[in-house]
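Only one chain is shown below, in structure tokens, and it's the form predicted on its own.
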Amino acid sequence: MTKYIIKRILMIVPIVLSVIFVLFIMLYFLAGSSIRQMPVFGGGDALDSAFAFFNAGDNFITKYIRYCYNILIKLDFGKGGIGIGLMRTLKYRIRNTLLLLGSGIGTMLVAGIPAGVYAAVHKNRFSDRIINVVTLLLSAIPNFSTAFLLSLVFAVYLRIIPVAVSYTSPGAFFLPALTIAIGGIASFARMVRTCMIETLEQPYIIALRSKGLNETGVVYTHALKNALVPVVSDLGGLVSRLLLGTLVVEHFFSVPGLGSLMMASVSSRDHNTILGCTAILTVILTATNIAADILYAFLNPRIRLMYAGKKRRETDGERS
């Protein structure tokens, strides 16, 4: 199992480098691209020695290698459009984006799982139909419309939250996180409901009920754990959609995150900042998908047995 986790984590590096390479090509060959002004030599480091040994010139490939080297070894994303080190700006922006995304995912899980389980247990009843209608409507509303409606209700009519907030405390992220979570709750609750209905109709669940076990124990102890296995397999894609939704939400609520920084960089043609934001967002996106895969492996005993079987076969071969 440890080998599986290490292999999944190591996948982040080639994925991020591939995404950077594609975007690097697109930005490099734009007219007036600032990427072409990127220095190849970095002041006498190990990569400079390698370039000197191979007599490498100043070209697209060496600039890409230099950029990736600075990120992986020095955590240096270069300088932004105003000449300030980009890493200083990205640190603050990464914190806000992760806080916003984490709050949205947490709200989605806390509200989506109980709603989906309740709808599955009360299948084809009035409450189930109400939940289906509500989740269908919520999943059909785009993020910018949800953001506008929530701002209108909480900031204008109820006046619970000020229109302009300073994002220095976690409480300021309430409306943006709720905006992101609403669409996720709708999709996640429907997903949980479908998987729970299939699980509750399995023969072993019927057998447990026939033995007189408590219905709550049957649902939450036996059925829910098995129903979450296919849900977790689709959780990575759902989190990816939530992360993409943060780009719109950050722009609407003026959250100082990676999404708003990327949109501002696109408008000002700050190509180096676009590259840096893309690299960080790719890491976050890939990490969340790999975390979902690892969680799926813990919930699915077949993956654990598969890797345990490989380990046993290797041990048996060494003994023989």
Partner chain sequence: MNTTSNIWFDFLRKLCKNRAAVAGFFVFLSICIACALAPYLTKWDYFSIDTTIVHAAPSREHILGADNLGRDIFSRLLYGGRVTLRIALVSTSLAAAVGCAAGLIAGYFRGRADFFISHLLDMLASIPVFMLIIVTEASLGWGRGYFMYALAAAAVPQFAMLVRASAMNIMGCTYIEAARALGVRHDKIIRRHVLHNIAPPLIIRFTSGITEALVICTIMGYLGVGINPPTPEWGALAYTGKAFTRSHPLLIILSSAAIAVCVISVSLFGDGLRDALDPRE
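Positions refer to the first chain, counted from 1. These numbers come from a predicted model, not from an experiment.
Here the subject shifts to the form predicted together with its partner chain, a form of this protein not shown in this document.
4.5 Å heavy atom contact with its partner chain in the predicted complex for all of I15, L136 and L244
Affirmative, all three are within 4.5 Å.
Heavy atom contact within 4.5 Å of its partner chain in the predicted complex, the stretch among 189-197, 205-213, 220-228, 172-180
Heavy-atom contact with the partner occurs in 189-197.
Applying a 4.5 Å heavy atom distance criterion, does L285 contact its partner chain in the predicted complex?
Yes.
Just to confirm, K63 within 4.5 Å of its partner chain in the predicted complex by heavy atoms?
So K63 does not count as contacting its partner chain.
Its partner chain contact in the predicted complex: P142, any heavy atom under 4.5 Å:
Yes.
Can you tell me whether Y69 touches its partner chain? I mean in the predicted complex, with a 4.5 angstroms heavy atom cut-off.
No, Y69 sits far enough from its partner chain in the predicted complex that none of its heavy atoms falls within 4.5 Å.
Of the options I130, V110, V156, I73, which one has a non-hydrogen atom that comes within 4.5 Å of its partner chain in the predicted complex?
Checking each option against its partner chain in the predicted complex, the one that comes within 4.5 Å is V156.
Can you name the residues of 245-261 that have a non-hydrogen atom within 4.5 angstroms of its partner chain in the predicted complex?
Result: L247, V248, H251, F252.
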